Ligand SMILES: NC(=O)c1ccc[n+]([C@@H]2O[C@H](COP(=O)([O-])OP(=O)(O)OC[C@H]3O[C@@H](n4cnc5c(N)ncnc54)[C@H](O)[C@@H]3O)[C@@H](O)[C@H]2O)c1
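Single chain ahead, by itself, as structure tokens, in the form predicted alone.
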Amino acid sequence: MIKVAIIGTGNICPSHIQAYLAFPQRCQIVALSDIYPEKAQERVQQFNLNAHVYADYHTLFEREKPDLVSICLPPYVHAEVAIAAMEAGANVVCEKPMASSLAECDRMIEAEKRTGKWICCVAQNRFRDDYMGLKEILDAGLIGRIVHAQIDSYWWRGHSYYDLWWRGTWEKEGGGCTLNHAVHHIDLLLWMMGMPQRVTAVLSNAAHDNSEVEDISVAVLEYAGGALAQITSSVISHGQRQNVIFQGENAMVGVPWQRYASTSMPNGFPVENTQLEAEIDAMHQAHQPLVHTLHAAEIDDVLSAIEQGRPPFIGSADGRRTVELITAIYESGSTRRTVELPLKTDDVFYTTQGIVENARHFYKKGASIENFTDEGMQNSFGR
């Protein structure tokens, strides 16, 4: 039986609890920790857990000696808690983003090597049938070489969203919608298309004057061979619509599901390629539905990794890559210049301090509420 501890009991915590409870024969939640222990106790009662509550995660590690630790905390403490968990002998499931900076990601990776433990970075939307099916089609090469990708990460958050004490600052939240909402779509893009060579971005804060960080960004990525990708990250978009679209040389596919294939007439104008569309449709329909999805599927993989003595499907290298691209977006948008990848360790945006000092600050943090009485709705992407 794998002993599990969860550190941080805010909005995303129930997704982790429910995922672990889906596998009662394989794991047991033995402890929860939060700087507000009454919140942790509420989770114990809400899910009828046989678990101890701790205000100090160090004490939890010492007394409970968990095999696996889920980190559901603000980004600025991901590194220190993950490292402490690994040093205490536990593998780690770390919520997105992996950390607030590349320097912290590298400290976490160094701790993996030193302790022999590993970090699974949460990117639960890879474990959705629509995205897994899209990945299968891209890998099969049916649409040909990818020439353009469009990522629309459109969310909406009210003005008070950034009143929570740790949100809306470069130091503690690590960024705005690009890091904390579009991170999922950016992970999906990198999973399907790989890292670009250059990034050009624009940042803005159009609707939240109680926040230092951006509430919208637009980035253009340049790939070897000439392909481009565009990412729009937003928390000012009513309707909260998300699109992931890949244009190939032969056809287009996207989520929500869409496809169109073209062939060229002698004069270069397009005509629909219904034969290729039928092949794409056949592969789309042949996708075998996942047994588990979202957090439950990722936790299933994590438990299997422990049981089988292998790394998790989504590891620290994946989490670091996503943070690196987001850091490049922040650097480009703050300095108003194109940024080359990969970023180097002497880059001014490599460390958290460098980001705090050099990122564009839009407004002064205007409020600091400890907790919202109504935690609101949770979904598979945003928190």
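Counting begins at 1, following the sequence as shown. What you see is a predicted model, and the numbers here were worked out from it, not measured in a lab.
The same protein also has a form predicted together with the ligand, omitted here; what follows describes it.
For the three residues K117, D300 and P312, a heavy atom within 4.5 Å of the ligand turns up in the predicted bound form in no case. The contact residue chosen from E212, E104, D187, E95 relative to the ligand in the predicted bound form is E95, the criterion being a non-hydrogen atom within 4.5 angstroms. Of the listed positions (L164, A84, A305, M195), a single one reaches within 4.5 angstroms of the ligand by any non-hydrogen atom in the predicted bound form, namely L164.
Proximity to the ligand in the predicted bound form, taken as heavy atoms within 4.5 Å, picks out 74-82 from the listed stretches 197-205, 74-82, 267-275, 213-221. When the ligand is considered in the predicted bound form, S100 lies well away from it, no heavy atom lying within 4.5 Å. Residue contact check for I12: one or more of its heavy atoms lie within 4.5 Å of the ligand in the predicted bound form. Mapping the unseen interface onto this chain, V122 counts among the residues with a heavy atom inside 4.5 Å of the ligand in the predicted bound form. Residue contact with the ligand in the predicted bound form: Y57 places a heavy atom within 4.5 Å of it.
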